[in-house]
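Structure 1 and structure 2 below are two forms of the same protein chain, each written out on its own as structure tokens.
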Structure 1
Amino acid sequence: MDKKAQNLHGQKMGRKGRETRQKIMDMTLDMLGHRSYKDLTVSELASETGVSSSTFYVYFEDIEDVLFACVEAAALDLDDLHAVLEQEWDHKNLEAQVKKFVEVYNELWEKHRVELRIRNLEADQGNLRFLNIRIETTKGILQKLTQRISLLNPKLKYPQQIAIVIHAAMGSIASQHEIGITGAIRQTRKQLSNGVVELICAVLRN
């Protein structure tokens, strides 16, 4: 809220200011779709956005700062995912429900691939801001997923860890540049999703 209220020059932000700030964020995501993260420069970002680079510094401290703002914004968009996890899962419709879950998860990544990838990149390298926001965003998801797992298969010894592992797998697959060329044979994200679904169902039915 504070962030939205003041720019870095200490001025209250009006409509125009908020728009410019948003335009810069949008262009950041746009550019990171095409080019490597470590080559993104303030000057280029500013000029692509159509503002001068001084204007950039009115709204952000540096590149990391915009990136974080983007990640923060994306982190708010989790409602759909929570919704699927809040529904009861049952053995009868299990496959459809798991499938739905994986689909929604993939859609989330489809929509926020850039932000989520950056978040993980930085977090994996120990950057605290990003580490923390990842924890915050993931916490609720993992709790609910753990609950689903425990309820359906109470025999499991490590439901929580399994939740984490499944979550990691889905994230890893969703984040890859060109999916499937991890291995020898090109796999579409769709095919891999089938694998994920089968894997989850297997562990829940066991």
Structure 2
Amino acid sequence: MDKKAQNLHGQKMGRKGRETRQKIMDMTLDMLGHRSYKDLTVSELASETGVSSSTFYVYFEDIEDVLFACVEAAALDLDDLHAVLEQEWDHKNLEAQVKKFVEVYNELWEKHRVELRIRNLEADQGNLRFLNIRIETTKGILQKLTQRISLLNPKLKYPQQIAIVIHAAMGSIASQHEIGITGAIRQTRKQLSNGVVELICAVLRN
């Protein structure tokens, strides 16, 4: 039996069990939309969800476990991004396709901001299961982006490395709040995304 169809006691989850598990996950994301996950406790989360702490432990081992479940669920929502990369890219439609790719990427981050932020923070700190899921979920994207780069500009010596740099830049920009990056020169997320589009197009046209 699929372990995801079971609770931690090895029992098959019925409709009520699946709904309770999802309710805990939804409340976790709701609470973390305006606070750090580092100080979230099981008792607080259970109370806000309207279940007992013992019920929480039927479905999750600890707070990290429910966070990982949320990240796993978000990882299933990559079809639109892959679809853009699987479409035909050529020099006639290049700018339109790159814009679409960046827009869909930003939309994905906007929809799953909490999950992706937690995934990256934990992965960057060496948490192996978060690191592994980041590798697994980005691997296909990087492979397809590398293929697009290689086909459009075969003169490039390091298409895979360029794909990694582009993806990292997009992730950094998408993770910013809507106001973007402030400092000596204030730049909104939209302005920075426009720069990424122009940069990608310039690389692929040369």
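All values derive from a computational prediction rather than experimental measurement. Numbering runs along the sequence of structure 1, starting at 1. For the two forms, the rigid core is made up of the largest set of C-alpha atoms that agree within 1.5 Å on superposition.
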Name the structure that is the form predicted alone; the other one isn't.
2
Answer yes if the CA of residue 22 moves 2 Å or more between structure 1 and structure 2 after aligning the rigid core, and no otherwise.
no
Core-superposed comparison between structure 1 and structure 2, residue 194 Cα displacement 2 Å or beyond:
no
Rigid-core fit: what Cα movement does residue 11 have between structure 1 and structure 2, in Å to one decimal?
2.5
